[in-house]
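Take a look at the structure tokens below, where one protein chain is shown in two forms, each on its own, as structure 1 and structure 2.
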Structure 1
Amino acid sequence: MSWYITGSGAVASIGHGVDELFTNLCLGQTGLAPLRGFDPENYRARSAYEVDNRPEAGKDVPRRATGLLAEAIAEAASSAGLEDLTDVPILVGTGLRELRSLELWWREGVAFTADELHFGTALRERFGAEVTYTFSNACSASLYALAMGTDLLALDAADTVIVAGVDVLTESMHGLLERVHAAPPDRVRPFDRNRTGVLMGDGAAAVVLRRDPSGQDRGLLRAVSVNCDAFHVTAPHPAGIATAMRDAHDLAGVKPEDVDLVLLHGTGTLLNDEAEATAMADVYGKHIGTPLMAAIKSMTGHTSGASGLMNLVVGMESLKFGVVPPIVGLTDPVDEAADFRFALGEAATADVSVAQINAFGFGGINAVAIVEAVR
């Protein structure tokens, strides 16, 4: 069973809106910039991929995640021709929710109500949405939400759903990630032998899913596979990742040789990239050099719970226009990815019809989606 993607929205450090985001990705532009929301003097890594929307430089404000989420949902709903969201379920995947707001309350006494920590409050006020769900499933959260959205459609609980993902940079997560390795990360370099780790990025993405075609469909969601291998709290497991990929292929009715494009999770961390590459090689076998490989975190940073859906939105644009964004900063691929067909240097032009979307999170929470072009 397949579902129709009739609208999409996105915002990240390099663009507001799907068109601007995709254009800048294809130009190889990066959102990496000096830290904007808090004092960099306390940290070794002093850059991140933040959306530059604070009213005053160097001074953070609460509820930025909520604001980016509403922006992406508004674009997705508008592009799908949806005006009334009262009865449209909205499913939100996130890693950290409004943790940055809590940090500001704890450290600086910034005031807000407890209701404002819940995305549902803002979505009800902005869109009249009465049915909202929030899932916190680490870095695969938005694809988990996507899978649950398809469940609602399959069960006839709704004929239209909006699925979204969002996260913004928090001081605690930035401090944690910059200390994982001996050398602090200076940028995200997926699958490069000399990478030094991951930096976070602000981002939100949303799609409108419908059970029936609308005549203005942007893509076809063939399948979403999810699992939790529980291998380790933080270390990924190639076998669990490979299982999620094979399950997605089986559900979608495709074989590895049918896939033209893969939007890799590609975090640039020392464990994740090798594990993902190992799983890809295991699943694709002799066809590992067939699909083009993209890794947009090299330009957006790691948008955490939003990253899976961000990949999906970008993947659909690639299927539509036949253009795949390059991977910035990848000059010396790790051995596990030696046979990958990476898009490097500049955007690649190719006839792509089927894409695989990867998202993997702490605790072995794996999710893989398969989307197809609508032409």
Structure 2
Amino acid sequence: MSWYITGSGAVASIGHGVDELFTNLCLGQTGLAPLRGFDPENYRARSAYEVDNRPEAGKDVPRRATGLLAEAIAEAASSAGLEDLTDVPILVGTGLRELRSLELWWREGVAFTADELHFGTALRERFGAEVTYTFSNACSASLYALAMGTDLLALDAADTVIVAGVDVLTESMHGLLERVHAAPPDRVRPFDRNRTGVLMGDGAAAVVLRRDPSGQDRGLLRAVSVNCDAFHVTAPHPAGIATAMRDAHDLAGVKPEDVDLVLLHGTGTLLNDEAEATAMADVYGKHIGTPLMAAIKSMTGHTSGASGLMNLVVGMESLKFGVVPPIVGLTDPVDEAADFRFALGEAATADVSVAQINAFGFGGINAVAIVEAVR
């Protein structure tokens, strides 16, 4: 069974809208900049990949996650020609909900209420949407939401769904993440031997999924697998990741040699990149050199719950235009990825039809999607 992707939307530090984001990714532009919304004095890691949209420089404001989410949903709905969202299920995957607004409420007393922690209240106000869900599933949240969306279509509970992902930096996550790094990360360098760790990024992405072909389909979603390796609260587990990939291939009816492009989770942490590369090598075997591989967090930072769907939106553009963004900052790949065909230096051009998207979250929650080009 396949699902039709009829619209998409995205926003990140390096671009508003799918076109601008994809163009800038292909140009190798990064959104890395000094912290824009926090007092840098409290941190060793003083850079991130934030969307530069605060009204006053250096002064943070609440509800930025909601704003980016609405932007991506509006773009996706509009590009799919959807107008009335009242009854269209909107499934939002997020790692951190509106916890940044909670932080500003706690410290500065900005107005904030408990029913703003999830996005349904704002989506009702903005779009009149009544069937909304906030899934808080760490860094695989938006691909988990995508899986749940396909289930709704499969069970005939809906004929159209919107799936979205969003996150912005929180001080608690930025701070605790840098706390566990021996040296503060200075940028995200996925799969590089000299990588120093992960930095977060702001971002949102959305797609419109339909059960039936619409005549203006942008991509085919073949399958999304989800699992939990139940191994560790933060460390990834190669076996659980490999299982998620094999499940996705089985559900989609593809073999490793059929996959032309992989959008890696690639966070730049010591643990993730090693575990992901090990699992990839295990699943792809002698075909590991076949697919091109991209890791856009080198330019967007880790957009957490949004990152899986952002990779899917970007992957669909690559399938459409035959251009794959480079991995910025990757010069000396780790041993586990020695045979990988990375897009390095500049964007690669290639005729690609089938893409795999990886997303793995804290607690060992893994999700893998397979999309196919519509020609």
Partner chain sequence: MKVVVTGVGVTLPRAASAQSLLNAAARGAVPVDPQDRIGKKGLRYKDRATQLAYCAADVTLRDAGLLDDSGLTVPDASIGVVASSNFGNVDTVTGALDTIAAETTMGTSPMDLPNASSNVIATSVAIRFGLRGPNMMVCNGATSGLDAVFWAANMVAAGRVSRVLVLGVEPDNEAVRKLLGGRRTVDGAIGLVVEHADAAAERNAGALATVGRYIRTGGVRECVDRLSGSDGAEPALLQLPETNAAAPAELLAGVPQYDLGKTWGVTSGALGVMQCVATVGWFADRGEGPVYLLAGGDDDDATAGLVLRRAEVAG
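Shifts are known only where both forms have a C-alpha. Just so we're on the same page, residue numbers count up from 1 along structure 1's sequence. C-alpha atoms forming the largest set that superposes within 1.5 Å between two forms make up the rigid core. In this text, all values refer to a predicted model and were calculated from it rather than measured experimentally.
In this comparison, the chain shown as structure 2 is the form predicted in complex with its partner chain. Once the rigid core is aligned, the segment that moves between the two structures, defined as three or more consecutive common residues whose C-alpha shifts all reach 2 Å, runs 112 to 118 and is the only one.
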